[in-house]
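Here's a solo chain for you in structure tokens, the form predicted on its own.
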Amino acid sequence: MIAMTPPMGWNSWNTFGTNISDALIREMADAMVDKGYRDAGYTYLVIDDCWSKRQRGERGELVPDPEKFPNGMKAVADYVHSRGLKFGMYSCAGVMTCGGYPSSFGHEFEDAAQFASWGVDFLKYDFCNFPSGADCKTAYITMSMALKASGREILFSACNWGQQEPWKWMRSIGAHMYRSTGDIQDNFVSFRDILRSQLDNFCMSGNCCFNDIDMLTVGMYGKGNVALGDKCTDSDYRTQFGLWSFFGVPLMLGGDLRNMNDFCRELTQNRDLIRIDQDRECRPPYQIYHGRPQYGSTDWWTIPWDSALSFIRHLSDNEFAIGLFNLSDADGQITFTFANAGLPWQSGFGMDLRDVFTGEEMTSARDYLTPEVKAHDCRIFIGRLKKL
């Protein structure tokens, strides 16, 4: 079965946009293998928009741009497969893609068959230039059926930007992941707001169909196609990848893997974070709320209330993940209250915890945690119950 856990891979759009080619994709496939990404679980290599000619061929078929892909898409797919990876491509539910190239509205079954003949394993299906009189849900269920009729197992990544609340119906029509937000940009405000917009909807994810909050920008540092706004710091990227992993969403990298620095490579290959993201039970986090201080001055309360987020996530094998995220511009303490997670003091239980970034162990944690969390940063722990 496809997508029993959140899909992981790399997509060309965030860094390269229109600047894609056969050579680039082969180099990226090599980087995914040689730099450890494939072995860490990143298996899909996806070409985004702007890969085809501006017009369909004489028989109505999609035609790869001969300058960008002179050997055709089957040759690219074969090379990606030869490196032990899966090959992904892009189309759109509208009459043209976002970049103005031929798209699949009214061509769903012929395009799906063509993708299958090339060896495509993953289809990102966007929502630009959609006819005003057409129905969004019908368009996505039609492509879902077309992929199933193609004779090849193809992951369906439905990217309709959250139109018509897709978390309520995408699973029903056969999508394996569905975009619930607009496009990400390579800045802290962008991914912070994306996360906040979906806090109530992560419970709509589960095995075989996942809420997709867009490709990651980790490692871009202000360079590339979506590098807009203030350049991200290492702390920003640690929080972005920590949030995506903790919430169990698809991990589709968007930076240039050939040149990723050691910090970002180690971050995106952190075994504990990937294990949290890929936990086989696919349970969403539970947000832990806590009250404001009721006495004296609150000047010490440096983190705005809606920016100090604490969560617990139930994992398989009787493990738990605790995540504390500081989305504000100030350092400060974030409280995690065990009673609100079902472990009051009188239960007689606490937790042994381990920091997923430092490896530091905390034994017999009980009642509450109040660690210091730097601005734009996070603390994430994996733990087990302990009788005290």
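Residue numbers run from 1 along the displayed sequence. From a predicted model like this one, the values you see are computed outputs, not experimental measurements.
In what follows, reference is made to the form predicted together with a small molecule, a form of this protein that is not presented.
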Q: Look up in the model of the complex whether Gly99 has a non-hydrogen atom within 4.5 angstroms of the small molecule, and give yes or no.
A: yes
Q. Given that the partner is absent here, does Arg179 sit within 4.5 Å of the small molecule in the model of the complex, heavy atoms only?
A. yes
Q.
Against the small molecule in the model of the complex, would Lys124 count as a contact residue? Criterion: heavy atoms within 4.5 Å.
A. yes
Q) Are any of the heavy atoms in Asp256 no more than 4.5 Å from a heavy atom of the small molecule in the model of the complex? A) no
Q | in the model of the complex, segment of 351 to 359, 47 to 55, 327 to 335, 26 to 34 with a heavy atom within 4.5 Å of the small molecule | A | 47 to 55
Q.
Which residue, Met215, Val218, Ala112, Met89, is the contact with the small molecule in the model of the complex, using a 4.5 Å heavy atom cutoff?
A. Met215
Q) Of the residues Asp279, Asp183, Asp272, Asp234, which one places a heavy atom within 4.5 Å of the small molecule in the model of the complex? A) Asp183
